[in-house]
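As structure tokens, one chain now follows by itself in the form predicted alone.
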Amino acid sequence: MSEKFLSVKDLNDHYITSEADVWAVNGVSFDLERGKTLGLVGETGAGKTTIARSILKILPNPPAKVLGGSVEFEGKSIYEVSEAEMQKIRGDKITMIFQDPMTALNPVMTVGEQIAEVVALHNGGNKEDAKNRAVEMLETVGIPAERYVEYPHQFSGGMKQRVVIAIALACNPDLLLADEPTTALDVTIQAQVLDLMRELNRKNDTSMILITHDLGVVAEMCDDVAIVYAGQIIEKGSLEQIFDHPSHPYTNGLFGALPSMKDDEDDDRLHPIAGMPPDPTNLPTGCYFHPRCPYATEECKNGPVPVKELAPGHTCMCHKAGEV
């Protein structure tokens, strides 16, 4: 049976600087069951990466500060765990594929050594076992074994991303946080990496939080979807609920901006969402989406926005949820 082993409740993260406070994450809550994949979808700057870094407890402090909420992993509060114990969890039970491989790799260590280091730290064994596992992981992500001794600067951006993926998957984690894992990859390697992560999911009952802009990848990989806007989850539900019955105007806007492959489609132009995401240092009152929403009323501009349950597991933060 599926088991809920990650629970995020009312998470609030701000970046506090001398110029302004950045309201990055504002009351985010969700649960994740073992073996399931949750997709976090939204525009750049919505707070998706900050949510993932909060789970791994690697937000830079300062300027980042967790102002409220909790993250429970396997029944234990992440924020009550010591840093020494957290270091045992990172890379073993919870790993992250970072979006920017340029800053995720150590420039003075070979790529093989960086993978082997993670294996040796968490799996034990001798150096030869760690090296063999590192070579296996390089080949798994499409990099020849002889490149074990090369340095990050000798790899292209896409190849660096594959190395980062190999590091994240080396210890067969229980929870994988994948932050745009296929952005720098060509289509062929992207398909291989997605297949690899899906196989990990099946083989080891691994859970995954997938951060992406690509709704096609979400449709292929995810069991559940959470739509993130201005640091809030404004709609969440199963893959079928979000794709077949999108209820928030922003969610509908995301689907409206996708090109249609249907021959009988009369409209040959896309429908982008008007306006720009709000300034996180000066968020609007009421619904954060109301300045861009074609259905906004005075009610939307003032006061709290209700979270409505449209079906079991399908929630929407909107006064007009289910009406548009």
Partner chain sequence: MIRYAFKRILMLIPVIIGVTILIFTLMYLVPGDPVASILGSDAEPWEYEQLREAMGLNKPYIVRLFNYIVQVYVHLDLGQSYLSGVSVSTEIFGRLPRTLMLGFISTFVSLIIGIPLGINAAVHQGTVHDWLPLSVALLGVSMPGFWFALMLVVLFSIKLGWLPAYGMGGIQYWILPIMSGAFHGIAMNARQTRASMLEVLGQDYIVMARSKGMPERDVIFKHALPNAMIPLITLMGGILANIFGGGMLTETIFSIPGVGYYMVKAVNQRDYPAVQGSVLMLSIVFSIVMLLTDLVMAAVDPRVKAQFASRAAKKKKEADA
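Residue numbers count along the first chain shown, from 1. Treat the numbers as computed from the prediction; the structure is a model and nothing was measured.
As for the form predicted together with the partner chain, it is not shown, yet the points below apply to it.
Consider residue 81 of the chain shown here, and say whether it contacts the partner chain in the model of the complex, taking contact as heavy atoms within 4.5 Å.
Taking the distances in the model of the complex, the answer for residue 81 is no, it never comes within 4.5 Å of the partner chain.
Tell me, yes or no, whether residue 292 is in contact with the partner chain in the model of the complex, where a contact means a heavy atom of each within 4.5 Å.
No, residue 292 is distant from the partner.
Report whether the minimum heavy atom distance between residue 91 and the partner chain in the model of the complex is within 4.5 Å.
Yes, residue 91 sits close enough to the partner chain in the model of the complex that at least one of its heavy atoms falls within 4.5 Å.
Report whether the minimum heavy atom distance between residue 103 and the partner chain in the model of the complex is within 4.5 Å.
Result yes; residue 103 sits at the interface with the partner chain in the model of the complex.
Quick one: find which of 194-202, 70-78, 132-140, 147-155 has residues within 4.5 Å of the partner chain in the model of the complex by heavy atom distance.
Stretch 147-155 is the one.
Honest question, do 58, 98 and 118 all end up within 4.5 Å of the partner chain in the model of the complex by heavy atom distance?
Answer is yes for this spot.
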